[in-house]
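Quick heads-up: it's one chain on its own, the form predicted on its own, in structure tokens.
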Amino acid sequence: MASSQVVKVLIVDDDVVTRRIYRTMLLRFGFEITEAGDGKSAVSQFLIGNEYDLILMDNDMPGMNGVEATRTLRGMGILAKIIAITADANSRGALLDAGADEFLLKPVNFTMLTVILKAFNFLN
């Protein structure tokens, strides 16, 4: 995928600094980035017709959290890969059960993120 088209990523986190960090990491790969500040905004991106290949989904957000947003997106038939990200290791099961494809603990390690992106065929 990475060689034939630009990977479109939706970064979902209520913390603007965290979103900037993820943006900086992913721009190194030439990915196209969109940001959402909460789960409801992430769902809205798909409702208005936007499509993404990858979603970085925080769990602990006001309003609609990552578990609820992931479950909603999967219920809508969204097939984008979802990497759930949280500081709470105990949330792993709930996030994966909701439909996340992978799980990372905060702070996100660039090397681990790269390994996952390669496994998802977003990088060569």
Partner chain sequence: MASAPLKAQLTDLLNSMFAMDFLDEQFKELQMLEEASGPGFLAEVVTLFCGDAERIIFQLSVLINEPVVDFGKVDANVHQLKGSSSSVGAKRVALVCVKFRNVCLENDKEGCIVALHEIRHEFDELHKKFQTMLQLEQQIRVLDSK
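Numbering follows the first chain given and starts at 1. What you see is a predicted model; the values in this text were computed from it and never measured.
The discussion below concerns the form predicted in complex with the partner chain, not included here.
- Taking non-hydrogen atoms only, A87 approaches the partner chain to within 4.5 angstroms in the predicted complex.
- The partner chain in the predicted complex comes within 4.5 Å of a heavy atom belonging to D60.
- Heavy atoms of L104 never reach within 4.5 Å of the partner chain in the predicted complex, leaving it off the interface.
- Interface membership of I21, defined by any non-hydrogen atom within 4.5 Å of the partner chain in the predicted complex, is confirmed.
- Of all the residues from 15 to 47, those having a non-hydrogen atom no more than 4.5 Å from the partner chain in the predicted complex are D15, V16, V17, T18, R20, I21, T24, M25, R28.
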